[in-house]
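In structure tokens, one chain follows: the form predicted alone.
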Amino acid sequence: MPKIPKTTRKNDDTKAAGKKSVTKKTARKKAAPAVPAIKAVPPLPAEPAATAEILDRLFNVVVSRKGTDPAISHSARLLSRGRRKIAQKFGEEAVECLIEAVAGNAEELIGESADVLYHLIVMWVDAGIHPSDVWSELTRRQGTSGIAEKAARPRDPLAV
């Protein structure tokens, strides 16, 4: 790196006031240490809208499949097989999601997360739970410490 000469400049205002002149030294500052770049989130595609509203739309689709022909709809097939099978599928997808998270496979984690959300919605439909019930519970908990929220829950007498 080429050396930059130091320059001395006298302040004309101090000379005029009869004060001792002040010298200012200027030199090139050292560059700040490099900060690791944070990977930017890629922009979302324009169509379809990638928002949480997709969960409400998916819920409506699964509700519309309830009681339809299991031979033509995966949602209808799951719902016809009962809550135990739905819970089993949800658990399988959750485990796959965890495996991809631990392995650090972001793309696979995204896909498995979508599977988990889908099977959770199927479970909600089977149990008669509407997404707005869950959104209300999340809103109620907002601003509450997770530790405080858990401590406020009734204690399970069977828990050790």
Ligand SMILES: N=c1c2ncn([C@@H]3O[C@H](COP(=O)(O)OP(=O)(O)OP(=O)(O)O)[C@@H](O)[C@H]3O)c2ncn1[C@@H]1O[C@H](COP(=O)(O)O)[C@@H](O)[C@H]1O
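In this text, residue numbers run from 1 along the sequence as written. The structure presented is a predicted model; accordingly, all values stated were derived computationally and were not measured.
Below: the form predicted in complex with the ligand, not depicted.
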| item | value |
| --- | --- |
| Leu120: touches the ligand in the model of the complex, heavy atom cutoff 4.5 angstroms | no |
| Heavy atom of Cys97 within 4.5 Å of the ligand in the model of the complex | no |
| Arg77 within 4.5 Å of the ligand in the model of the complex, heavy atoms | yes |
| Interface membership of Asp126, the ligand in the model of the complex, 4.5 Å heavy atom rule | no |
| Site check Ala103, Asn105 and Ile110: each within 4.5 Å of the ligand in the model of the complex by heavy atom | no |
